[in-house]
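This document starts with one chain, in the form predicted on its own, laid out as structure tokens.
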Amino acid sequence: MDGKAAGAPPDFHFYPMDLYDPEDRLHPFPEGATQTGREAYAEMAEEASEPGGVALGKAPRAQEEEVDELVHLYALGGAGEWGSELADGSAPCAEVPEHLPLGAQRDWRGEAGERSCPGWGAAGPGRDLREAYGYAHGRASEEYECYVIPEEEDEDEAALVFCVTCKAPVRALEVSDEHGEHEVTALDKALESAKDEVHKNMFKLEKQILEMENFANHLEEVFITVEENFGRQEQNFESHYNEILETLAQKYEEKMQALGEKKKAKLEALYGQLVGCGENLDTCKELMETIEEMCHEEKVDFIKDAVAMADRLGKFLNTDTDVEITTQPDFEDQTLDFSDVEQLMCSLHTLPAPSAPVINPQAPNSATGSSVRVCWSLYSDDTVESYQLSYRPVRDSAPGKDQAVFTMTVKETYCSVTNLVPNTQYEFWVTAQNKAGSSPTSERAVYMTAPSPPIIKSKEIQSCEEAALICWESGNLNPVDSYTVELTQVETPEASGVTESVVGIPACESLVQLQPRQSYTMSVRALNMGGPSARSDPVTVHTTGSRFPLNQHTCHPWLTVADDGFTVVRSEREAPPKEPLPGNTRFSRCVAIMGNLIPVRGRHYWEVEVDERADYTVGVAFDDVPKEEDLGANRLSWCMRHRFASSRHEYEFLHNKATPGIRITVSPRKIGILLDYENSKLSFFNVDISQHLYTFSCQLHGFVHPCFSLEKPGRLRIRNGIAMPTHVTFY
């Protein structure tokens, strides 16, 4: 299609519409005429039964106009096909409802099928329209070939709330019925509450998981330690048993060797006796044979040999013959000495004394101002029941005077020692103990406690719109390594912690860059090898205008500064000034005092409230301005001086004893002073009437400070830390 359908008016454009969109859909039928097919049929039946015999085509002309309008609207051709049929009233067609319940859709389709509307049937001029709807949305009913528009859910009925009692979402319409007495809340609120509860439970679960993981890791470490200890004990037992077996084998060899030697001696003795006995037997046999031979000899020969034989036989018989066994065959019972073996056996159940522990050096940031954490280690083969930790402070004491030694007994290889002095070094050593005794002493290690918190000098804080200079006292007898300044913006309550830190500050002051027109809370920490100190007492610094204190070291003896720190008073009673010491910064001739302005270039503004009848001098001067000269009498100061005499006011703007010829008609009671480093200018203003008085063009090669002088009794009140007035910004 080219956008224009046949039979449509020339100025009519056809735009395909999404019939399912309730807002953008083109409504061809008025809402008031939206009916089901059954309702339309009943209405037409009533018209047919009205008096006067009005048929279904009561107003044929009106129906014909309506049909023509629909035909032209959907480009269905001329009024010859559908128009003639509908205009004659021969086949009334039910209108398509915009929104129908599901049951109503079913009834309408059924009745439409029964009536067989010519325009919506299987064939006819409206077939193109039906197919267009079917292809566009795929919702054409094949049974009745009629387009069904879906029901849109009522938003009020679909609204859900949450029943706290039943713990389930319910429809808002059901609250008064089943959940009337239950506690209900908005679904979004219940959802947020449930999410918070889930997040809390998840956090607890994560914490429990972390604890269980740590416990599991600890169990694994214990398991490994048990395995290692078992291995060491197994090696220990094996070594001891091997040593015992070697000792027993050695004793066996020694005893067997001794027993063999005794056996040999017995056998040799018995053998000697046996040999002697044999010799005696041989001698006896020889004598018997000789005697027998003599008995067969002649008498004369017998007598001759008998005398000699008798002597020989007498000597033999007189010889003692040892017939007793000198060596017994039995061996003596051998007593074995197992004392050394018993000692070895006992050593299996006796632990050796531990070796000397190794004390660890101090870990960074492990100490506080009153405590340190000392750690040490031990050889893994040693068994220890307890440790004895000793310590003493490291201080320069008199010769021959030892520091007191403190001792603690602990079970672990670490100990937190408390009640110590801040920023002090302590010497530690440790010994290990068990049943066998004590180990040698470990090497000594030096630990240091963290410093005491510094003390900020709140009355000496200097600030401007870009920076602040804060000073503090160390608060420690011994020097520290460095300082850290921590600051938080007061205007940001969501920032609960420190928003910025300036670290590595070597001295007891720091110039901190800040944002204009803000308020900051500042604190200071001191650091050493033991760790940082606690925060100092906080102070609040404002970056509105320039704020500076008065320098008491420059104050003339005749001047006093009130308790507020910004009021200078010269009393009626005066005392002669003391001679200044060489290099002293105190004013001696000019009764003046200087302020400590922050050393930051830019624009600084402050005001001075004066008495109209007082003689005063206000301005700026370098730090090395001669203290024995008047302000404005040299090249190092620029001042405005007022003198009152005989009801006349005299004003001078002095620099190097020179003043311009300027007359002031309205005596100022509040003088504004603007110091502009960028343009090298110093301006004075009458604040009450916003009047510019005078401007110096200065050669500011360095930083200058405010100065105030009273030539006669009176008072000056300095107002600083205030915003610069609008009229001052133009100069």
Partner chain sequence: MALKEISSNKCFEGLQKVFEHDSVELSCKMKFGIYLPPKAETEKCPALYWLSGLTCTEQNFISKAGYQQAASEHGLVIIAPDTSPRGCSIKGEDESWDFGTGAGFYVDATEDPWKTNYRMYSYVTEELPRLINANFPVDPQRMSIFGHSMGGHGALICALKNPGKYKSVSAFAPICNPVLCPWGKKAFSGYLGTDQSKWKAYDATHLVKSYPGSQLDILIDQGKDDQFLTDGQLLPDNFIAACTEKKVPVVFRLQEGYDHSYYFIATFITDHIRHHAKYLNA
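The structure presented is a predicted model; accordingly, all values stated were derived computationally and were not measured. Positions refer to the first chain, counted from 1.
If you look for the form predicted in complex with the partner chain, you will not find it shown, but the lines that follow are about it.
Exercise. Given that the partner is absent here, does K670 sit within 4.5 Å of the partner chain in the predicted bound form, heavy atoms only?
Worked result: Judged by the heavy-atom cut-off of 4.5 Å, K670 is well away from the partner chain in the predicted bound form.
Exercise. Does the partner chain get within 4.5 angstroms of any non-hydrogen atom of L693 in the predicted bound form?
Worked result: L693 belongs to the contact set for the partner chain.
Exercise. Given that the partner is absent here, does H705 sit within 4.5 Å of the partner chain in the predicted bound form, heavy atoms only?
Worked result: Because no heavy atom of H705 falls inside 4.5 Å of the partner chain in the predicted bound form, the answer is no.
Problem set entry | Interface membership of G314, the partner chain in the predicted bound form, 4.5 Å heavy atom rule | So G314 does not count as contacting the partner chain.
For this session: Considering the partner chain in the predicted bound form, find the one stretch among 654-662, 287-295, 414-422, 515-523 with heavy atoms no farther than 4.5 Å from it.
Result: This holds for exactly one stretch, 654-662.
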